[in-house]
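In the form predicted alone, a lone chain appears below as structure tokens.
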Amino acid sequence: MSARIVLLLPEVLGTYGDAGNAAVLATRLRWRGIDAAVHTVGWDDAVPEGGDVYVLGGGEDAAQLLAVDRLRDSTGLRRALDRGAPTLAVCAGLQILGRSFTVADGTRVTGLEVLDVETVPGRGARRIGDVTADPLLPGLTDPLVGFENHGGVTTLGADAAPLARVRGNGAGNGTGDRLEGAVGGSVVGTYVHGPVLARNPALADLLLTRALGALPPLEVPEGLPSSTARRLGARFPGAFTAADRRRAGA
């Protein structure tokens, strides 16, 4: 088995290190003995339609405008989404895949219309800070953690469901109901950075399971601090370290 993770336009959708999400997906597959490669789609590259998971990151208004114009007529991306390829869309990526977003100067831009969401600029200060959110997506149980940094207010339509509900001071989608992110079809959208999959390995494994089916047990490399090893894999069903394998006589 082999897998291809498609990273879209990191030159413009890479402000917050969200390209790291693609690296996390590939690494967690390799730790399971599955050959995995990250296919980076640059500005002049065609989007392949046969990827296993697609990743979009965040960026400012100007970058977002460039990205939506570049991806709007992408046959490869459209075909991948139409067949249900699991897709992670972070911050600007979430907005790009929505029905529309409005930038700071008031210009309303039609999105790719994959997610039933609309985004407008929020009032007051940007939403910045650490966030913890309780997942609402079936298959996730551990709280989502990371940080948010955005000025948009994203409203979900009838065909979108929230990813999570924030605790404490988190703003989430900025609508006042504490909902965070959006899920529709095969797309999972979030405002959580970190990169989000590095901070939340269970979400990474959920995307991979949607793409590839049941995954082999994960073997975290030796030499990591025990707390890090537990966070990266040992607390998830079927995951264990190399030392666990030896103790089991495998």
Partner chain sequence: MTDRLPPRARLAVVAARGVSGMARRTGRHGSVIGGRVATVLDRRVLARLAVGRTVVLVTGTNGKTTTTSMIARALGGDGEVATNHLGANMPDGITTALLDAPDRRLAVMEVDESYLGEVAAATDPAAIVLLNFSRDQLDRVGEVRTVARRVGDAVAAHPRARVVAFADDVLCAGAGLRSAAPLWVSSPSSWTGDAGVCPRCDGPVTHAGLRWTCGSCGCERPPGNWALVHDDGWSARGPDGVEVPLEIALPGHANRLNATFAIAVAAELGVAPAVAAARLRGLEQVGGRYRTVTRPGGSTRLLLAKNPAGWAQVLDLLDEGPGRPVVVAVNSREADGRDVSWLWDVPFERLAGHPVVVAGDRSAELSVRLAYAGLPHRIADDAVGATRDTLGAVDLVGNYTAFHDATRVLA
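If you're wondering where the values come from, they're calculated on a predicted model, not measured in any experiment. Numbering follows the first chain given and starts at 1.
Beyond what is shown, the protein has a form predicted together with its partner chain; the following relates to that form.
is_contact(residue 212, its partner chain) in the model of the complex, heavy atom dist at most 4.5 Å: Flag for residue 212 set to no.
Contact between residue 27 and its partner chain in the model of the complex at 4.5 Å, heavy atoms? Answer yes; at least one heavy atom of residue 27 falls within 4.5 Å of its partner chain in the model of the complex.
Spell out, yes or no, whether the shortest heavy atom distance between residue 39 and its partner chain in the model of the complex is within 4.5 Å. Flag for residue 39 set to no.
Please determine whether residue 66 contacts its partner chain in the model of the complex, using a 4.5 Å cut-off between heavy atoms. It does: once its partner chain is placed as it appears in the model of the complex, residue 66 has a heavy atom within 4.5 Å of it.
Quick one: which of 71 to 79, 157 to 165, 123 to 131, 110 to 118 gets within 4.5 Å of its partner chain in the model of the complex, going by heavy atoms? Flagged stretch: 123 to 131.
Using a 4.5 Å cut on heavy atoms, which of 175, 149, 169, 100 is close to its partner chain in the model of the complex? None of the other options qualify; the answer is 149.
Are there residues in 28 to 61 with a heavy atom within 4.5 Å of its partner chain in the model of the complex, and which are they, in order? In sequence order, 28, 31, 43, 44, 60 come within 4.5 Å of the partner.
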